[in-house]
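So this first bit is one chain, no partners, the form predicted on its own, shown in structure tokens.
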Amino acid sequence: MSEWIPVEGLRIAIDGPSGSGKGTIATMVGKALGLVVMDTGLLYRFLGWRVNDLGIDLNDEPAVVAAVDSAVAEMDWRAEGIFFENRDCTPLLRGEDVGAYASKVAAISAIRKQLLELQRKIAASGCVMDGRDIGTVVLPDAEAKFFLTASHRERARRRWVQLQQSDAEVTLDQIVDDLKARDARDSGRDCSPLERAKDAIEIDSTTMRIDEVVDRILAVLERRRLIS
């Protein structure tokens, strides 16, 4: 049972770059409020993984778009992850290589437009949704918007800690370089670039604990009378 009661249909948008902690924070906020949490980054990771698994060149936009059409029809996107061919494929989507595939797929405007209604339909009854363009494009009228950030070094350290659990052989410097390249792609794309919505509250979590970030978000929601 959640400790807070959100207003009916409350939609909370949490955006930020890779490694900013938005996924973890969204999960904790959703748990505190009893709201479904939808990770849009995982959706793009699945599509990138599927297209690459089919042997399609990620630079061949027409072929990628065609593959995504069938992938979306075959997948089952749930709060607990993404299921494909009757199995949970979420654990396969967390690697750095899949993150790079996702970033390329997400830069294709036709794909982002195709997924827009799917995301909005899921959010309609209330949820916490995290990604890179939730507050600006997917849910521009969300009742609450937050933009999480942190230094490149801190974001890389967090990612490195995660990868150590899977015995991945990657250095901290390699992750820093990868994050910088991914930030450049996400912020520089023509369609739905990574940016803070004008009415989003920015939280720099570089020196903050996870629970401190969650408490700040909940305090804002309470002050706005969106939860009680």
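Note that residue numbering begins at 1 and tracks the sequence as displayed. The structure displayed is predicted, hence computed values, not measured ones.
Unshown form predicted in complex with ligand DC; subsequent notes refer to it.
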Contact flag, R155 vs ligand DC in the predicted bound form, heavy atom cut 4.5 Å: no
4.5 angstroms heavy atom contact with ligand DC in the predicted bound form for R50: no
Interface membership of L148, ligand DC in the predicted bound form, 4.5 Å heavy atom rule: no
field: 4.5 angstroms heavy atom contact with ligand DC in the predicted bound form for V128
entry: no
message: Which is the contacting stretch out of 67-75, 120-128, 102-110, 81-89, given heavy atoms within 4.5 Å of ligand DC in the predicted bound form?
response: 102-110
- prompt: Though the partner is not shown here, which residues of 190-225 have a heavy atom within 4.5 Å of ligand DC in the predicted bound form?
  reply: none
